[in-house]
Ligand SMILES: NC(=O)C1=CN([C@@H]2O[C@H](COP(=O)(O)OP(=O)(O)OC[C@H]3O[C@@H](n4cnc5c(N)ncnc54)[C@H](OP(=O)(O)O)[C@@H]3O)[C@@H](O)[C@H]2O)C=CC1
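Read the single chain below, which is given as structure tokens and is the form predicted alone.
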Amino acid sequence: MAESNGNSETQFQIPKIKFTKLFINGEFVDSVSGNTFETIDPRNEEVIARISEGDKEDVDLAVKAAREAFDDGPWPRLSPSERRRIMLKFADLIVENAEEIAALDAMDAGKLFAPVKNMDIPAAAEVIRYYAGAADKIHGTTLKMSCELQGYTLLEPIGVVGHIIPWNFPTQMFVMKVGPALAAGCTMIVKPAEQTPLSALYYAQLAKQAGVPDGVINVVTGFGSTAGAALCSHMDVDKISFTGSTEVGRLVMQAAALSNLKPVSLELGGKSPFIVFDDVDVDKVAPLALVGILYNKGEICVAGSRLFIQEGIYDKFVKKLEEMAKTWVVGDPFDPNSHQGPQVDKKQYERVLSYIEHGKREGAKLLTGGNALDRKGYFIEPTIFIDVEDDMTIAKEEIFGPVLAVMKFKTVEEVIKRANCTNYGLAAGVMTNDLNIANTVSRSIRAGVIWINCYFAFDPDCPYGGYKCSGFERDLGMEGLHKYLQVKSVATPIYNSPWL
């Protein structure tokens, strides 16, 4: 593992933080209490800014604004083509401000600046454009009734939506939730993670600049146990869309059920298997496996954190992993030479290190890494464990960090059984040149996304979500739009028709 000590300040001028207040009904406002909280730069553990701390009273105001915008405002009543025009303008503004937004996510979340600017932000704009294109293609169906009735369905916006988004992908999660809800004609309240509030506030003002009416998008920054809980239990919120941990997902469902029984969409944790068969080219697949766990410093719910390697190439593959890990550069996210930045905050940093200690105590062999970097900030070495058993903690629980558990297998039947032996079911990777094996395994793994001979293959048209404790319903694709729509059936008698 290499370490970068580049001076980021000489390579990129950190932008001034422009937006630190709540965004309610088209305006930036202080919280009712006047309280604020610190958002911390994980590169150096310094305070970036003080952010308004929203609570129940602020959520009430945001929901009131969203409710009025839905019940009486123009957004749900605009022609779909006009909604599309405004959303396309929003996407253009995202691209125009890519450098500043990327800097916010790099500072706030420890994400690599260059990939965020050059890939994540343009991809986010494409998500908005995708749903802008869908806004005028929301159709019901004509029904063939069995008696003298004429029937059809309408697809109507579900209403006021609460979006609770995580800290690992602040930009992507914002657009994956907001884009389809806008296209459907909904109004909304976004509660970003307290660790990463900056870009959500920036996007709110870009949306207003694009022409999204006041009250349609509201952003309440604050903590999950207060602002998030108030949103989930609010009697005037029609739906909650949550991405985060399985533990918090259960609390979200409880609050929704105990309030107005609002529907909930959950995208939760994962412990995804990355399965490598003997027939692959090790030199091509090993880099994919390494990126599958180290991308975004392992803070990604579909990380290929359980690596199953067939016994015929196991030793060669492990050796290749070790060689590559030694060249992996951990350092400042603004340094173009860095492959990996810091974990998002001190809590996550300590959580990852505690899992590494679990692996050592339970008898897994440490191939490489396993330590924090001896410098300021929340930096951890890429860590690879081999000789991992299925019942070890590092093989069962989601770590959400740069920690890989490597295991050996013999047969197709064995690896399917072991891959499915988890409470999660978010994603899986299948690496083989045998089409029959690829088909068999992809249909046998109980997960929402299967990548064959690729990994992290996301696209706006490809639905994304989980089985089992990884949640339900989908983001992206048309499925991501339909969850913000209600189906209404309309029937009327017909008389003396020549046909039914």
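In case it trips you up, residue 1 is the first one in the sequence shown, and so on. As the structure is a computational prediction, the values presented were derived from the model and not from experiment.
Just so it is clear, the following notes concern the form predicted together with this ligand, a form of the same protein that is not shown.
Using heavy atoms only and a 4.5 Å cut-off, decide whether all three of 20, 33 and 55 touch this ligand in the predicted complex. Spot residues vs this ligand: no contact at all.
Looking at 151 to 159, 228 to 236, 202 to 210, 283 to 291, which one sits within 4.5 Å of this ligand in the predicted complex if you count heavy atoms only? Selected stretch: 228 to 236.
I need to confirm a contact call. Of 219, 430, 165, 91, which residue comes within 4.5 Å of this ligand in the predicted complex, counting heavy atoms only? Exactly one listed residue reaches within 4.5 Å, namely 165.
Tell me, which of 251, 114, 78, 372 has a heavy atom within 4.5 angstroms of this ligand in the predicted complex? Contact residue from the list: 251.
Is residue 379 close to this ligand in the predicted complex, meaning a heavy atom pair under 4.5 Å apart or at it? Contact check for residue 379: no, nothing within 4.5 Å of this ligand in the predicted complex.
Contact flag, residue 139 vs this ligand in the predicted complex, heavy atom cut 4.5 Å: Taking the distances in the predicted complex, the answer for residue 139 is no, it never comes within 4.5 Å of this ligand.
Exercise: residue 174 in contact with this ligand in the predicted complex, heavy atom 4.5 Å: Close contact is absent here: in the predicted complex, residue 174 is far from this ligand, nothing within 4.5 Å, heavy atoms only.
Any chance residue 191 has a heavy atom within 4.5 Å of this ligand in the predicted complex? Residue 191: yes, in contact with this ligand in the predicted complex.
Go through 342 to 364 residue by residue and record those having a heavy atom within 4.5 Å of this ligand in the predicted complex; state none if no residue qualifies. Residues within 4.5 Å: 347, 348, 351.
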